[in-house]
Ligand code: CAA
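Quick setup: one chain, the form predicted alone, written in structure tokens, and binding and motion questions come after.
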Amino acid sequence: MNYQNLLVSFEQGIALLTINREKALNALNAQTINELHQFFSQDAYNLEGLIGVIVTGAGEKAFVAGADITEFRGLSASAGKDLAQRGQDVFFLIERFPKPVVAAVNGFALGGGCELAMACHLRVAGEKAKFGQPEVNLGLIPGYGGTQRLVQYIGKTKAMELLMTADIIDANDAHHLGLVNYVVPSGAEIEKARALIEKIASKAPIAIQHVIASVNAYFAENVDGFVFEVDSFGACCSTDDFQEGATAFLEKRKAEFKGK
């Protein structure tokens, strides 16, 4: 895995993925988007024993302060559509990744950074984190899924306000609205994210995959989420993990799941 803008470490089954453009406040340029695609479409699947991924930003100021606007000047309608589609495609890879992906938000998560955090399954915010979709200040709207996921997480009324006013909210407000799962002291984001992944890793891996897929099915176009759930439930019943989980429950012992 040779990256220019990502740092990847792998320890005890957890991949720590750091957006490493600190001087640019970790802004998402085309190269970074391509590297995220490379990681979540290929390289992550080659990490033996992977139980989850943490996404964070380099330095103390920003998780990701937005997309790299220097690459936006002079965009035509066609080129703009291609850019937005590329970003959405990459963020769908994250949202649909079969292992838990946790955003450790250590500063500004604005524009594309907020969208990246929302594409992750869970979000842990440091107490100094800031969230917002300020694209209307540039004469744009979010293009990487922000208008859709923000509504999913905090509801239409507040999402509409934040999208139209470009207001930036702090970590506590984000938690109150349901945008983040936890607020922790600054510097403790990765530790909390690790604890969440380790807790999830104690559950049946195949069941976790089906949880991710089934929750995503609720929002998928032309998919009946209830039918998808029934099929996923049936698939879980055919696994060795289900037999182990049921047996362990009846025998009043801790289950030892094998992911089979």
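Here the structure is a predicted model, which means the values were calculated and not measured. Residues carry their position along the shown sequence, with the first being 1.
Another form, the form predicted in complex with the ligand, is not on view; read the next lines as being about it.
- Among the residues 183, 110, 101, 90, the one placing a heavy atom within 4.5 Å of the ligand in the model of the complex is 110.
- Of the residues given (58, 65, 197, 204), 65 alone sits with a heavy atom within 4.5 Å of the ligand in the model of the complex.
- Only one listed stretch (152 to 160, 69 to 77, 120 to 128, 172 to 180) carries heavy atoms within 4.5 Å of the ligand in the model of the complex, and that stretch is 69 to 77.
- In the model of the complex, the ligand sits within 4.5 Å of a heavy atom belonging to residue 115.
- Not displayed here, the ligand is kept clear of residue 95 by more than 4.5 Å at the level of heavy atoms in the model of the complex.
- Using a 4.5 angstroms limit between non-hydrogen atoms, residue 138 touches the ligand in the model of the complex.
- At a distance threshold of 4.5 angstroms between non-hydrogen atoms, residue 25 is in contact with the ligand in the model of the complex.
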